[in-house]
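Single chain ahead, by itself, as structure tokens, in the form predicted alone.
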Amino acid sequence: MTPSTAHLGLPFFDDAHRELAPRLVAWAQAQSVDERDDRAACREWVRRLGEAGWLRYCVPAAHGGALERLDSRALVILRETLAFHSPLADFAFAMQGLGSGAITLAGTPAQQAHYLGAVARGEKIAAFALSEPDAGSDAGAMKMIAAHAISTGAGGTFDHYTLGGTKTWISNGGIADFYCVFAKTDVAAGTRGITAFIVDADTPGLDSSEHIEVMAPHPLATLRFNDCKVPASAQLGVLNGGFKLAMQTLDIFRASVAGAAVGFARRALAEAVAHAKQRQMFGQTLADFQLTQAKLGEMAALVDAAALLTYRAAWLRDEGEKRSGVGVTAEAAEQRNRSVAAAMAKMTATENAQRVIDMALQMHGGLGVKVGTRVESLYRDIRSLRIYEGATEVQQLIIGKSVLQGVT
């Protein structure tokens, strides 16, 4: 089943974007990965995406990337196209970008050289560790501690941090080669006391063996840090600047979450159209009924509405990157506008995709709930997108506050 690329003719995209999707479609259609073991399948997708060069879009050109800087529109196109073919392929791609995004934004030259090229080649699997059992949307409630110390022994002086606490709902947990971890370095300072660190998976004191089973299988784990020592050189970005860094990283990839949701919705619509055309009922096809045509029309409009908001959000971010240096006040205002646009895209795309997939499943009748059919798996796949990287309710708050402030 081949997705349409007609939407790439919209003015949000340039020629480089327009040639990207057809190449990826052709590649994705040639791939067949056994996804019954989600962890093994994710490793395989990372390997294939790396060998084919697609992961180069997750890092900047200076470190083996395909483009000078992270390009939100390219990320959206890639995730939408991969999600249409395989949600797990999309997951594998997205987590390479999100997991290494903080290193791209704030890593030292040595950190960037060590990790980013390997991410682009698919040689290292990345993960982003922010959430905790009692600190999801409320990052200020974080309890994980990073205590700084300088110790002296036979080997000389060791400047280090000792990490203690728990992270959970960590995508790529248990299979990642390294984690970008956020911890409190100033317990009394709330979100202003959080610092980021790069923690290699084989660091003593890190236990990533607790796999979390969810309704749409993908690598997910709880991480436990017990007297986990990392060198001071593992600090990522400025001291106590971790919350801002986490939000900047999420902001880059939020529109791409919407892109994945659009990909899911496009696949559900394509499955519904194919089924309606071949399903015989009362001497005609399901597609001949006006009720079916009305539902398909509603689904198509929901997909396009989500896509347009998604492409706008990605375009605004990319244009904003070009306009850096326009002044502190102007940049702050543009950043607020970009954040609101990304929130609108993420909220609308995931919620609309849920509706489209639900209608596609209903149109399939009993086949829609049969395990193993595409619409059944899409129904499970879409549900988590309405929660992770900022639940719908969080996006509503971002948008609502902007309305009250007269930003939108």
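Note that residue numbering follows the sequence shown and begins at 1. Only a predicted model underlies this, so the values are computations on that prediction, with no experimental measurement involved.
What comes next is about the form predicted in complex with coenzyme a persulfide, which does not appear here.
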Note to self: If the cut-off is 4.5 angstroms on heavy atoms, which of these, K244, H148, H211, K229, is the one near coenzyme a persulfide in the predicted complex?
What the structure shows: K244
Notebook entry, point to check: Which of L269, M144, L116, L250 has a heavy atom within 4.5 Å of coenzyme a persulfide in the predicted complex?
Noted result: L250
Next item on the list: Please name which of the stretches 311-319, 134-142, 104-112, 70-78 has residues with heavy atoms lying within 4.5 Å of coenzyme a persulfide in the predicted complex.
Entry: 134-142
Check: Would coenzyme a persulfide in the predicted complex be within 4.5 angstroms of a non-hydrogen atom of every residue among R192, Q335 and I398?
Finding: yes
Next item on the list: Please check if S339 has a heavy atom lying within 4.5 Å of any heavy atom of coenzyme a persulfide in the predicted complex.
Entry: yes
Notebook entry, point to check: Does K167 make contact with coenzyme a persulfide in the predicted complex, using a 4.5 Å heavy atom cut-off?
Noted result: no
Note to self: V394 versus coenzyme a persulfide, in the predicted complex: is there a non-hydrogen atom within 4.5 Å?
What the structure shows: yes
Note to self: If we define contact as a non-hydrogen atom of the residue within 4.5 angstroms of the partner, is L130 a contact of coenzyme a persulfide in the predicted complex?
What the structure shows: yes
Checklist line | Partner contacts in the predicted complex for 367-390 (non-hydrogen atom within 4.5 angstroms of coenzyme a persulfide) | finding: Y388, E389, G390
